[in-house]
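Presented below, as C-alpha cells, is a lone chain in the form predicted alone.
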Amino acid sequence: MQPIISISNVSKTYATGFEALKSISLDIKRGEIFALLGPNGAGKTTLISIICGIVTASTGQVLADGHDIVRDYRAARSKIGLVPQELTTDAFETVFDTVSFSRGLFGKPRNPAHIEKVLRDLSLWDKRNNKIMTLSGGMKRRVLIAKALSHEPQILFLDEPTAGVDVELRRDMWNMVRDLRETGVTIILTTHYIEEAEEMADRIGVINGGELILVENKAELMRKLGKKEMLLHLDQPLQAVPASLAEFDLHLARDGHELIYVYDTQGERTGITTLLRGLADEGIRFRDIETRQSSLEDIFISLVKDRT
C-alpha cells in the first residue's frame, strides 16, 4: 500500500547556517498512529512545518497522499489537519463560528452537521456559542483540534497536543485520537510525554539533533532495546556486593535491602541461574523476586544519550 506521507531526503538549513534537519527520509503508513519523539530543539516541529507547507525545505521532497507539498500545495494541504503547540485562536469569535470558518478556508462547502459532530465528539457542543476568550486552556486546545478536523482531513498532525492540560483531559484526547484512527485518519503525534507514545502509537520515530536516528514498531522497539530488572528482596541487608559477584554488576537499593540485576532479554543467556547459585554460595538469602520491564522512557533516554 502506498504510504500516505512520503518524506525523501528532506533537510533544512537556515540563513544563519543552523542545520535544523539532516536528510530525513520517512514513510508514514495510511491509518497508523506515528509518534515522533525527541528533546527540545531536535527538529520535530520543523519537520511537521515542512510537511504542512509552513516552512520550505532546503532539499528533498514531501508527498501527502500522493500530492507534492510544493508543486501541488492546495491538494496536499487539503489532506492535512494541524493542531499546533500554541493556543492561537480568534478570541472574540464563538466556538462554532471559528471552526466553521476554518472549514471555509479549505474551500469546503458549509456543513453544519459535520461541525456539530466534531464539536460533540470533542465535548464542545455545549460551548458552541461561547467566545473563545471565555474558555479554559484545555477547552481552547479542544477548539484547535476541532479547527484541524473541520475540513475532514485524512492526515492529522498533533504537535504536543496535551502540553499543559490535566490528566483527565489528556485521557479524553487519547480516546479521541483512537476513535479518529478507527475512521481511517492517519495521526502523527509529537510529544514530550513518553507515556503518551507508549499508550497510543503503532510506530515510534526518534529524532535528535536534526537526524532521524530510529523508526520502529513500538512493540518491536521495546522487545529489541528493552531490558529487564530483577529485584531480589533480601532477608538481611547487605553493606556491599561481594567481590565474587562483581561480574553481574549488581546494585544495592533501599539501604541494602534490595539487590538489583539488569539483564538483556535478547541475550543467549540471562545469567540468572548462575547469579542465584552465586548468591547461595555467599549465603545471601532472599524472600521475594520481582522483575520489571524497562519503559519506553528508559529506551528513549538511552538512545538519545548514545547519540550525544
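Computed from a predicted structure; not experimentally measured. All residue numbers refer to positions in the sequence shown, first residue = 1.
Only in words, not in the display: the form predicted together with a small molecule, which the text now covers.
This chain is displayed without the small molecule, yet in the predicted complex the stretch 37-45 from 274-282, 240-248, 255-263, 37-45 comes within 4.5 Å of it by heavy atoms. The contact with the small molecule in the predicted complex, taken as any heavy atom within 4.5 Å, belongs to 85 out of 85, 94, 154, 136.
Put simply, residue 24 is far from the small molecule in the predicted complex: not one heavy atom of it is within 4.5 Å.
At the 4.5 Å threshold, heavy atoms of residue 160 reach the small molecule in the predicted complex. Though the partner is left out of this view, residue 20 does reach within 4.5 Å of the small molecule in the predicted complex, counting heavy atoms only.
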